[in-house]
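One chain comes next, on its own, written out as structure tokens in the form predicted alone.
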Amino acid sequence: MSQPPQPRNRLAEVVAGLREFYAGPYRQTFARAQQDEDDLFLVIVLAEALGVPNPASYYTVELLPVVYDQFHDWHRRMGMDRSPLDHFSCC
């Protein structure tokens, strides 16, 4: 004898279905917007290294170790075969 579905499980299924219904068709658009936002954040953090004066470099220098892992993918996405930074070569 099967037990009836729990209300909490049923509610989670409805929420997942609604999320898929509303966000599913725009998933690629959301992913592209997130990628653009991440690229902008990376440029802001690396601004001083790229030669752009950055008044917030005191704060962004602490984030450099975090974005170094993403740097190679970023410069390849921007169409640069090699790293644009003289002091940092990732490939």
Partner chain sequence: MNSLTLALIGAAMVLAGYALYSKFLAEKIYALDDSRPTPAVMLDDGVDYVPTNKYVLWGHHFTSVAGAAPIVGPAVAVIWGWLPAFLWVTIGTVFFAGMHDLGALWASIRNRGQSIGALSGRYIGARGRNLFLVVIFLVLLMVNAAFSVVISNLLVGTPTAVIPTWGALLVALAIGQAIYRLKWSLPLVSVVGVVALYGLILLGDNVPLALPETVLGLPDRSVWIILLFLYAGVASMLPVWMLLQPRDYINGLQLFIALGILYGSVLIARPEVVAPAYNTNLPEGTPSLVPLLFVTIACGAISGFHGMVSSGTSSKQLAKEGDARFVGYFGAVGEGLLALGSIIATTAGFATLAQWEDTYQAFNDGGVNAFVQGGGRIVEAGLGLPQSLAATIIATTAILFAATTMDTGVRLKRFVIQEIGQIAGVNLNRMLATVIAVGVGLALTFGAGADGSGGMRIWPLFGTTNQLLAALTLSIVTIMLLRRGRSPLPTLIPLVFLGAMTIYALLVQLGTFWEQRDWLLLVLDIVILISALWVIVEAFIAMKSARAYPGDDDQELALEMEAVAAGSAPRRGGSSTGQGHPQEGTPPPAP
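Positions refer to the first chain, counted from 1. Under this definition, the rigid core comprises the largest set of C-alpha atoms superposing within 1.5 Å between the forms. All values reported here derive from a predicted model rather than from experimental measurement.
What comes next is about the form predicted in complex with its partner chain, which does not appear here.
Among heavy atoms of V66, none comes within 4.5 Å of its partner chain in the predicted bound form. Shown alone here, Y26 lies within 4.5 Å of its partner chain in the predicted bound form, counting heavy atoms only. Shown alone here, L18 lies within 4.5 Å of its partner chain in the predicted bound form, counting heavy atoms only. In the predicted bound form, its partner chain lies within 4.5 Å of some heavy atom of F30. Contacts to its partner chain in the predicted bound form (heavy atom within 4.5 Å) from stretch 50-79: D73, R77. The Cα position of D73 differs by less than 2 Å between the shown form and the other one after fitting on the rigid core.
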